[in-house]
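Take a look at this single chain, the form predicted on its own, given in structure tokens.
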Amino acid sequence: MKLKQTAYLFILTCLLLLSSTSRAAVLPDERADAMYHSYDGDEIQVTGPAILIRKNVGASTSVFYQYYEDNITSASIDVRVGGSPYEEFRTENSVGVDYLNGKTTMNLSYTDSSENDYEAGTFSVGISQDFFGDLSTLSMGFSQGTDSVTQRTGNNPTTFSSELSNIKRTNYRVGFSQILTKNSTISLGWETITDEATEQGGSGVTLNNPYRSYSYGTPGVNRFFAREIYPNTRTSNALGIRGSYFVNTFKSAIHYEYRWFQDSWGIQSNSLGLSYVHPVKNWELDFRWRYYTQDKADFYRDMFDFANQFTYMGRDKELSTYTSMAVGISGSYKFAKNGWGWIDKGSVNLSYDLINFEYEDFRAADDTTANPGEEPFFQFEAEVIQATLSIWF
């Protein structure tokens, strides 16, 4: 009942905001983007293309279509410990529309993600309103999606079980941005997400990955594995702060961000990011740094004791205590600034990030030279590369 009341309140607020009229805001630019992305870390390679096309329909409506593709080859730590290398293919399609009424912008979108053992569909609605001479902006959003989980059966990579579980995901978000001075801006955002899984056929699979296992045994003696057991609900809250300061002397900008996260599983994380953007002739260079730290979930252990196992047990390294630090650089080259045929302008962007992960209570169980439960703590580096061509028309 409380969830329905919140949804009704959100829709009513949207209608009230849409009823206001004043000077028009601006629709997103008409553009087309083509991107190629690559991730390489922990013997996982993910590559694929992506495209985005956005077009205006009249003076108050903008529509878009986005396609994203992942080609995955994995021999990660989990695979090395309890499985065999695999290849996977995922596609994602999104369609949406932005509608403008005075200083109010409303958007609707639907995203469908598909892979051989996982289907997900998400509907989103959002609204934003400018105030006080366009110096302030209030935004709200709501998303709801349903995921369908299946599982490979036997050793045949093309054979899958019937549906194991449905996962319902609900997202509420609110944000506020403010122009502080002619050189500085700041924005705040709050997000609440609830996940709820419904089992199918008594499989016992809920919010956990059906291929992942927890570990139990006696440190220094033996280590055994069994399928993870997770709660069937999860609620998380996140607070984000972002800001920018523009340096007129160098025609550059400094961007900063902080994010706090906490969920009902006991995970709490903090992240801090900084970037410096500087123009050099037709290029725009972006140097960035990000630091992330996380506490483990209540039901996470690298190894559970034989006599001290819990109702819920997980060994996913993403639920463990760990830190990561990323450094990156991007270069964006501007071309056709004065137009070129049907092209208003264009840019080519090249991006490279190096990320280091260090785990404090997740051990490299694939290390056969060490005793079970006494392996070194796991760590690895990942490289992320992106190349994007953008055209405005």
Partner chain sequence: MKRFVLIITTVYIFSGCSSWEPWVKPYERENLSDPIMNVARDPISAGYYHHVFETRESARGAGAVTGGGCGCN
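Positions refer to the first chain, counted from 1. Fair warning: this is a prediction, and the values are worked out from it, not measured in the lab.
Beyond what is shown, the protein has a form predicted together with the partner chain; the following relates to that form.
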| property | result |
| --- | --- |
| Exercise: residue 80 in contact with the partner chain in the predicted complex, heavy atom 4.5 Å | no |
| Partner proximity in the predicted complex: residue 85 to the partner chain, non-hydrogen atom cutoff 4.5 Å | no |
| Residue 277, heavy atom within 4.5 angstroms of the partner chain in the predicted complex | yes |
| Contact flag, residue 302 vs the partner chain in the predicted complex, heavy atom cut 4.5 Å | no |
| Complete contact of 35, 72 and 183 with the partner chain in the predicted complex (any heavy atom, 4.5 Å) | yes |
| Heavy atom within 4.5 Å of the partner chain in the predicted complex - residue from 266, 217, 96, 189 | 189 |
| Partner-contacting position among 198, 248, 282, 311 - heavy atom within 4.5 Å of the partner chain in the predicted complex | 248 |
| Sequence-ordered residues of 80-110 touching the partner chain in the predicted complex, heavy atom within 4.5 Å | 86, 90, 92 |
